[in-house]
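Shown below, as structure tokens, is a lone chain in the form predicted alone; questions about how it binds or moves come after it.
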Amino acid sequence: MDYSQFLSMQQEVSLLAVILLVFLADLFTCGRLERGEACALSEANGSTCGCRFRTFFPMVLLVLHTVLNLLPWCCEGCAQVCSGKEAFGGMYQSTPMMTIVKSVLNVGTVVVFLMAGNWLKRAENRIKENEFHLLVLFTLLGMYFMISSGHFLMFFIGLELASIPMTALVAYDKQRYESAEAGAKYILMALFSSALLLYGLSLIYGAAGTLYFDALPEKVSFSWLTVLGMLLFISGMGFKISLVPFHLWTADTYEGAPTVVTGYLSVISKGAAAFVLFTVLVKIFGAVDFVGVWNEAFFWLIIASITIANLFAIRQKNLKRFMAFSAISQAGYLVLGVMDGTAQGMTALVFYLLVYMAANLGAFAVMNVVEQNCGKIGLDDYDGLYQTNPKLAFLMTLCLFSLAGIPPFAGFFSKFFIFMAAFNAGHHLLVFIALVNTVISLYYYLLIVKAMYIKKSDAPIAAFRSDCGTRLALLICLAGVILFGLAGCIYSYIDSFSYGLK
């Protein structure tokens, strides 16, 4: 075996080193007793006994990992790097666009770690603080394998590596009934979706005799067997992306999971699954007959997702359930980039993911800090928030405006590019329906703004000061919401590495 092939897996090896260092740091920095009352007492006396070290060390390592692998090192005269790398007979593939998507996921994970700092210092979470970091990093590693897979076996290993630790994260607050219930629902739905996906892959393998992405286009033929396999694959991925009608787990899971985990689940895993869905369809099912079938399937999935989710979001009083249906609707817009599998669609999809990550994690950061300080998560609880916490209300408003697609925020440009890609592919009716639904989404996002600025409350949320990690996370999200829409070079840079059927 040629072990030098591992050098082609630069991002994965780097992340694995981060996981190993975090594990060793947790093993040697603090004992079990120090993590409990003794640690709390020592912090009160000015000593950290390694507790702050355990909080910031994983984040610092992840930041270093992100900086080292942030942009694809592509230049003139570096043809092999620019065109991509392969390892293990083509089971692993790496292209500059894949590096960009992984970097987007890295930045989102750093923001989640910043959001989680204060929550992890609570007495019930202190003893399992590093378990949170390790589980998140393992899910991220699984998404890396999904994104760089060149073989369905590698893809499925990455899918399960991302899904199983995510179940533990959803059920992280195991003493809470809602969290345990959310974990049970998530793992059952994950198993069901994996079964559908595996059955689809078995049909594809039976028809083509191979699972290599590069070999499948020549061997797969348009028949009921391969079409059924493709549709089952789309159905399995629909669960991961939360497309209607595969969305029923989403609201209950989002409500029961810790708010930090809900934010991670709503953006990071969804974005990785959407990108992988795009690449698999383009690489394997790029024939004209197949494109017609999956275009028809996505046409109805997108309409159902954005319409049903928007209507159900209006009825929600719990903000986490509200954001769950918002995420389902946003998934519909995200998958618009998959239509026809064009290079423009890939660029729009990745850019939409980047902007959506900034806006959605910003909203979840506000929700998390309010919940940690006041224990409130209902829509009515936010009545009069501007009177007591004007900065948080202002930041929440900017994030919601971006999610709704109001100019001049980045969400407007991300929606414009995703609509333009679908329109140029010839899906005019679909774009019109999506535009109508954008108006509906504006209404329910403004319900939160109305609660914060206009509605009065006899007992508003008390004024409080956010922790440093949350403030830094909000600053990053605010910069993304404002700057991503103004810096056109970001979209142009992503576009320079995109690929598709045309």
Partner chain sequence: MIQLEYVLIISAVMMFAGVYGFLTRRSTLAILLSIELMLNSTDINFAVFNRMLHPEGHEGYFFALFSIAISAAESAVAIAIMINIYRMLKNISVDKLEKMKW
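Positions refer to the first chain, counted from 1. This structure is a prediction, so every number in the text was calculated from the model and none was measured.
Not on display, but discussed next: the form predicted together with its partner chain.
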| property | result |
| --- | --- |
| Residue (of F299, F394, F423, F312) lying close to its partner chain in the predicted complex, criterion heavy atoms within 4.5 Å | F312 |
| Option touching its partner chain, based on a heavy atom within 4.5 Å in the predicted complex, out of I187, A87, L398, I377 | I187 |
| Contact of E255 with its partner chain in the predicted complex (heavy atom, 4.5 Å) | yes |
| Residue contact check: T167 to its partner chain in the predicted complex, 4.5 Å heavy atom | yes |
| Distance check, H428 to its partner chain in the predicted complex, heavy atom within 4.5 Å | no |
| 4.5 Å heavy atom contact, E178 to its partner chain in the predicted complex | yes |
| Region of this chain that lies against its partner chain in the predicted complex, out of 97 to 105, 145 to 153, 381 to 389, 114 to 122 [heavy atom, 4.5 Å] | 145 to 153 |
| Heavy atom contacts to its partner chain in the predicted complex at 4.5 Å, residues of 182 to 216 in sequence order | A182, G183, A184, K185, I187, L188, M189, L191, F192, S194, A195, L196, L198, Y199, L201, S202, L203, Y205, G206, A208, G209, T210, L211, Y212 |
